[in-house]
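The chain below stands alone and is given in structure tokens; this is the form predicted on its own.
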Amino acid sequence: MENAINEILHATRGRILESDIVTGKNRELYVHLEEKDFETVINFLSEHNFELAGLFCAEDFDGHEGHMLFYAFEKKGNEWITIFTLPLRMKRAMSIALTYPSASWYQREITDGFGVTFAESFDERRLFLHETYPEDFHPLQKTFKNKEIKLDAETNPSLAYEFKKVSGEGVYEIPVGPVHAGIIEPGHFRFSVIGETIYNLEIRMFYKHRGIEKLAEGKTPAECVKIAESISGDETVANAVAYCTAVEKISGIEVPLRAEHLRTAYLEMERIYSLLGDLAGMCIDVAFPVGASPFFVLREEVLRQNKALTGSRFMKDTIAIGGLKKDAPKGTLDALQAFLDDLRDGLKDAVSDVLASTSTIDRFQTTGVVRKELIAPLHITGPIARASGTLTDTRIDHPYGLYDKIRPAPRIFEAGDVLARFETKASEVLDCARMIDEAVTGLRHGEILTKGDIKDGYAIAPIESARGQSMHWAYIKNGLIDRYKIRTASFCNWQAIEHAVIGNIVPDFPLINKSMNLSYAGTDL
């Protein structure tokens, strides 16, 4: 951490004082930044391979009136550096999207939520506020109280969303969604194609914005655990653990060892059932249901194990601030370990059958390539990044819980296509089983919950969900949640699909989409 502090002090030529750098818990730095030093520090971080992991806004933060921006950067094996600027003048800031392309969605999100605008931004369209929302409506401001929103009966033409246009001989558009034939959530995909070949794709989400961050405002930290669980149904444990970790860091609450072991097992069980669903889905989308069936069977068995362990197939109402709400019933951990042996054997057979299918490999190979050079600029994480030759895993880069002791095996594939994502996810299921074994082998009985006093403060908690890195930041003021910011892996990873489909044919889009299995709900908070 000392190296990062010295580098920042050097980059600003002493204009930032050490007193402006706050050292948080668990390798966290907060840097108070004046406007005159902003561009210098941003360029320095970019040149030294710090990735933008989050950008968010808070109002009336820590005694400062007005809106304050937080720029969260990470470097593998290094600290999280959060730059927070002094209160904004005239609610306007400088865009960093030309240096960090992933900033564009964040900036548009902040403009919608708080009314803060960004100078020299290349995209100022609305993000989560669609055309029927009132023009001056900014629901994350303190002045807005949760209530029924009166939407405009007619769309204001000036607010109409303009999709990117690709012109040329033979180019036509195919709109898909936002309402789909299945039971999936809404999302709009606008293709520009010649024949069946895709030349451009633009996605538009946020049709079911739920106001989760506003909902947390003013609630007790304990009440917000259920909100964290509801961010995305199949990331219940990951989001609950990340949120509770942030609160535990703020309050100095130590989680009991038994609870840490069980949390690790539950996190990896959640990862397993999610990845098994992905493997099955890829087979379904190339009309290979026979290949998909074993994965579906194994996934169902994992969900039944979850039910036995926690009383919930998706392990809801299990994680608590300070540990766990309930212990695993007697005998369930032994049954789990016995099941893991069957899981390994069944998975190996199922994967072998898929890889032996030449027609399936023909559809998977070279399809939907995510190029390695896109990973850092878009902050793509999880299996998508690891399948494209980039070893990025929050459990390794910034260990939390027991992951400094029970470590994932570093696994990467280079091709970046659907086949690489299939192989990455299959190998990670086996690795998850190994880590669960380590977490529960010889686990002794003991306390599962530490009850501690909630303290005021703020902290960031990154976590590796099945889809990649999610980031939770909590700010507690007067014992209540004043600001809760969530950025799931899907928020960044959705942008990868716009690049992955280029040069592929339209019928391959469902397969490419399924191979990433991104969350609509986890994006549209």
Partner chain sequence: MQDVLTNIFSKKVTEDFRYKDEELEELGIHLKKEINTIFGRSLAIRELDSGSDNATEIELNNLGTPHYDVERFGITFVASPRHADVIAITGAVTHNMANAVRKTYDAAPNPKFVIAIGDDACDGGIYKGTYAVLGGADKILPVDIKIPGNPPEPKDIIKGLLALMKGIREQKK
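Numbering follows the first chain given and starts at 1. Not measured: the values here are computed from a predicted model.
Same protein, other form: the form predicted together with its partner chain, not shown, and the subject of what follows.
- At the 4.5 Å threshold, heavy atoms of Thr394 stay clear of its partner chain in the model of the complex, well away from it.
- In the model of the complex, its partner chain sits within 4.5 Å of a heavy atom belonging to Glu148.
- The closest heavy atom approach of Ala181 to its partner chain in the model of the complex falls within 4.5 Å.
- Using a 4.5 angstroms limit between non-hydrogen atoms, Asp234 touches its partner chain in the model of the complex.
- Comment: 301 to 309 is the region of 161 to 169, 91 to 99, 301 to 309, 423 to 431 lying near its partner chain in the model of the complex, near meaning a non-hydrogen atom within 4.5 Å.
- The contact residue chosen from Lys372, Lys226, Lys326, Lys405 relative to its partner chain in the model of the complex is Lys226, the criterion being a non-hydrogen atom within 4.5 angstroms.
- Note on the partner interface in the model of the complex: the residue among Phe413, Tyr133, Phe84, Phe114 having a heavy atom within 4.5 angstroms of its partner chain is Tyr133.
- No residues of 344 to 360 lie near its partner chain in the model of the complex, the criterion being any heavy atom within 4.5 Å.
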